[in-house]
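One chain comes next, on its own, written as structure tokens: the form predicted on its own.
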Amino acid sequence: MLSLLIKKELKEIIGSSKFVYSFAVSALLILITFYVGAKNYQINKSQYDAAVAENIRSMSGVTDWRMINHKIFLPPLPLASLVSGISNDVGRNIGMQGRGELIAKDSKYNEEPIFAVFRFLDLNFLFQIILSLFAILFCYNAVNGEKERGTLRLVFSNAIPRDTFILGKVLGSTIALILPLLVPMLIGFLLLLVLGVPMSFEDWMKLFLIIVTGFLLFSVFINLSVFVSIITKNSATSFLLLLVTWIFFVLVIPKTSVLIAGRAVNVPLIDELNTKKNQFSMQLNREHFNSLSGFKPANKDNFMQEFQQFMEKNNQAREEKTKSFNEKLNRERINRQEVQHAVALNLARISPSASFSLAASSFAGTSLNLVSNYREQADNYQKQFAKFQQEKTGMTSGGGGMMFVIRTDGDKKPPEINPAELPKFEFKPASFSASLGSGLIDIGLLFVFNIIFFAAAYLRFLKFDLR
């Protein structure tokens, strides 16, 4: 009996002209999403390679390792073009110094602000906006529509159990709507291969999880639509109610949660921190220049060598104080920011759409963790860079210190540096296990939403008036 009900739903949905047009639009958007994503990755990779090459070229002719303008760059992530998350808001390069605070600059939206206005067509947009409406469009009249057409009495004239009917209705709708969409999804996977997007095995696993999570969101709206079609008297009312609910889930709740968190948890502004840092730096500079009057070389013949050692010692002491002060300010702000983020994200998870968005960005490596991950790896690289400079020159650059390079006319020009000797910065995205751990709670919530809405539909239909 259940199989007959499922087949009935399959025939009704797939055989309708509404399905043909809706599926054609959805399939086209899926293919465009994968194609544009692959092309965006190629463009971003070309820009990244050009930036790295220009960084090396800028060091040509330099003879002192302390005088280089070295930068490290955030490479494009294959999945970031399919789920952009915050990847376009993050600064892509960091000017590297042996000491001092690192600042990421030049985000994608900073260079191309038009994308910040309209954002990108990606899987997040596709599942949250297009396919969720696709589910509502076909299931808003799943039960009350049959009652209006008079087919509901005809079905139950065969003494079908109500639990079997509602299960067949949900399963049939889910299969009819999801299975056809797998075809353009698979073609999209092939596009990634054909267009040369370097997907590792872990990337494919993450992409698989994104698609599965998207279909979980899809099924949430199917179950919700079936439930609403049971509790409303006519299909017009159920469609209106579902549309309002969709607006709250997709647009209102996520944005409201951010506003509430911003009001509830106060986070110091960057400008406030920079003002405090500059004031402290100016104070240390005054102390540093005052200390110059106390310099007395032990051997006048080695004046410059002793002076450089004196300066390096002072610079290191000043750097330690600056670093300690800045780390304290930054840590206080980060702690407050983490509390604010936790409040915002937990409130947003009331919406299944927000849960999907958070899970998808976690799997794609474009969640809020991208900022801390990039910063942590840049800090680790700074230690390698400082050690390299120390070995090459006996000093490190940065931190506002002064460097003197004295050369007499009789000195030969020192040889040019070889940029290939620099330690390489290789950004490592979050592993599959780390991504899964971050997104697991949101996958669990989507399962819970499915269970709640299906259970509500089931229990309500037990008391449904078939007349």
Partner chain sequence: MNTILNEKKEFPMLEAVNLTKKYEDGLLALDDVNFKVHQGEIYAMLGGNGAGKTTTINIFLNLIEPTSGETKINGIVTHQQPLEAKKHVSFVSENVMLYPEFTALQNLDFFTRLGGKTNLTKDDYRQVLLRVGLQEDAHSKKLKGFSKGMRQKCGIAIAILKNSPTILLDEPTSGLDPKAGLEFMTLLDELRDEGKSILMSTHDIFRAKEIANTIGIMNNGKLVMQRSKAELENADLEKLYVEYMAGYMEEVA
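Predicted model only: the values in this text are computed from it and were never measured. Residue numbers count along the first chain shown, from 1.
Unshown form predicted in complex with the partner chain; subsequent notes refer to it.
- Put simply, G150 is close to the partner chain in the predicted bound form: some heavy atom of it is within 4.5 Å.
- Proximity of S324 to the partner chain in the predicted bound form falls outside the 4.5 Å heavy atom cutoff.
- Contact annotation for E101: none of its heavy atoms lies within 4.5 Å of the partner chain in the predicted bound form.
- Among residues of the shown chain, G444 is not one whose heavy atoms approach the partner chain to within 4.5 Å in the predicted bound form.
- Only one segment in the set 218 to 226, 196 to 204, 175 to 183, 157 to 165 has any non-hydrogen atom within 4.5 angstroms of the partner chain in the predicted bound form, and it is 157 to 165.
- Within 4.5 Å of the partner chain in the predicted bound form, a heavy atom is found for all three of K8, G15 and L466.
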